[in-house]
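Shown here is one chain on its own, the form predicted alone, set out as structure tokens.
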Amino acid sequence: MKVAIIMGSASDWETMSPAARTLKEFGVEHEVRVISAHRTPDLAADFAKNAKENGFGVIIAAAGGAAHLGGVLASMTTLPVIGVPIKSKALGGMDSLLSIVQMPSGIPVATMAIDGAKNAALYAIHILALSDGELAAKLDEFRRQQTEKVLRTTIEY
């Protein structure tokens, strides 16, 4: 299964590129697309309604401001949707965070930190690893390496 990284605007790519890099490092097939909940609603609906049939297992949706993209996609698919609020100039991303995290009951969107693209990719990997032993082993190794790095850390003062 592959992961979709959907952004509301091409300007979100700088923030979301760590998600694509992380998925690539784990060997997870993914696609990156710009789809706006407000400017291309028909495209958003078509993508969400056909995502499962098109081989996607998880959708990462990133948007700033009103940040409705994740919720719109989640309302039209049963695939897990992970929302990444993008930092905005006006409110520093709090508007985006609150928009994504306050989904109505019955239409969940897993919400990452503001600009939390890498964690969104790792969360998608966790989801896919539930049914992919090879990916689960890669995730275990990643976590082991993180632990080792911390244990090797020394502070000189």
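When you see a residue number, it is the position in the sequence shown, counting from 1. Note that the structure is predicted; figures quoted are calculated from it, not measured.
Omitted from view is the form predicted in complex with 5-O-phosphono-beta-D-ribofuranose (RP5), to which the following refers.
Student: Using a 4.5 Å heavy atom cut-off, which residue among Ala124, Ala117, Val109, Ala63 comes into contact with 5-O-phosphono-beta-D-ribofuranose (RP5) in the predicted bound form?
Tutor: The residue from Ala124, Ala117, Val109, Ala63 that makes the contact is Ala63.
Student: Select, from the options 127-135, 97-105, 55-63, 22-30, the stretch whose residues sit within 4.5 angstroms of 5-O-phosphono-beta-D-ribofuranose (RP5) in the predicted bound form by heavy atom distance.
Tutor: The contacting stretch here is 55-63.
Student: Has each of Asp46, Lys49 and Thr78 got a heavy atom lying within 4.5 angstroms of 5-O-phosphono-beta-D-ribofuranose (RP5) in the predicted bound form?
Tutor: Negative, none of the three is within 4.5 Å.
Student: Is Ser9 one of the residues lying within 4.5 Å of 5-O-phosphono-beta-D-ribofuranose (RP5) in the predicted bound form, judged by heavy atom distances?
Tutor: Taking the distances in the predicted bound form, the answer for Ser9 is yes, it comes within 4.5 Å of 5-O-phosphono-beta-D-ribofuranose (RP5).
Student: Find out whether any non-hydrogen atom of Ile86 is located within 4.5 angstroms of 5-O-phosphono-beta-D-ribofuranose (RP5) in the predicted bound form, and reply yes or no.
Tutor: Close contact exists here: in the predicted bound form, Ile86 approaches 5-O-phosphono-beta-D-ribofuranose (RP5) to within 4.5 Å, heavy atoms only.
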